[in-house]
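As a starting point, one isolated chain is supplied in structure tokens, in the form predicted on its own.
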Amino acid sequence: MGKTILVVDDSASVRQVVSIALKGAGYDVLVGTDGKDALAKLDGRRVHLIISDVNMPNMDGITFVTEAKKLPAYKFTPIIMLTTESQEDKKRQAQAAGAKAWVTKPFQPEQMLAAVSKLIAP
């Protein structure tokens, strides 16, 4: 059984591209359409890593990361932000919330997989 990664993005095409790359590398994938949906998916099941967009409707990625880190089961789960944002203050906010890495869109799947493998192995 592979490690499970939760992918959170309001773009169906981004979720699809990321999911295909992760599954091809041997990971199991859960998806969330925004921060609220993703929090509902964090129902105690084992999630080894979270990849989250920053700008999403209903609940943005930084708020989602902050809320996820409050849950004891996910306090130490590594998080990668996958976003078009490149502003340093957003990066600092995400890091303060608990994000461990930052990948800027557009990206090559290999870039994202490299960031994933730095935090967890398949």
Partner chain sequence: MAEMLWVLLGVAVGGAAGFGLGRRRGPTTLAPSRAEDPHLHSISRLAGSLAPVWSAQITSSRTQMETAVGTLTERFAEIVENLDTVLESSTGVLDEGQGGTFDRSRERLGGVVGTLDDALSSKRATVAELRTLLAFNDELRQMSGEVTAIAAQTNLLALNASIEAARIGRAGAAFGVVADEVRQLADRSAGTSERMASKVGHVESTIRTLLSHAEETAEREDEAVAGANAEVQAVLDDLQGVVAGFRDSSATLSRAATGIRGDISASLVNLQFQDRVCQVLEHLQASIDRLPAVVEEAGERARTDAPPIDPDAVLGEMEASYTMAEEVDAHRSGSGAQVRDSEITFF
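Since the structure is predicted, the reported quantities are computational estimates derived from the model, not experimental observations. Residue numbers count along the first chain shown, from 1.
A second form of this protein, the form predicted in complex with the partner chain, is not displayed here; the remarks below concern that form.
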* Asked: Does any heavy atom of Asp37 come within 4.5 Å of a heavy atom of the partner chain in the predicted complex?
  -> no
* Asked: Is the gap between Lys69 and the partner chain in the predicted complex 4.5 Å or less for some heavy atom pair?
  -> no
* So in the predicted complex, does any heavy atom of Lys91 sit within 4.5 Å of the partner chain? -> yes
* To do: Give a yes or no for Asn58: in the predicted complex, does one of its heavy atoms lie within 4.5 Å of a heavy atom belonging to the partner chain?
  => no
* To do: Report whether all of Gly24, Ala101 and Gln108 sit within 4.5 Å of the partner chain in the predicted complex, measuring from non-hydrogen atoms.
  => yes
* Note that the partner chain is not shown here; using its position in the predicted complex, name the residues of 69 to 90 with a heavy atom within 4.5 Å of it, in sequence order. => Thr84, Glu85, Ser86, Gln87
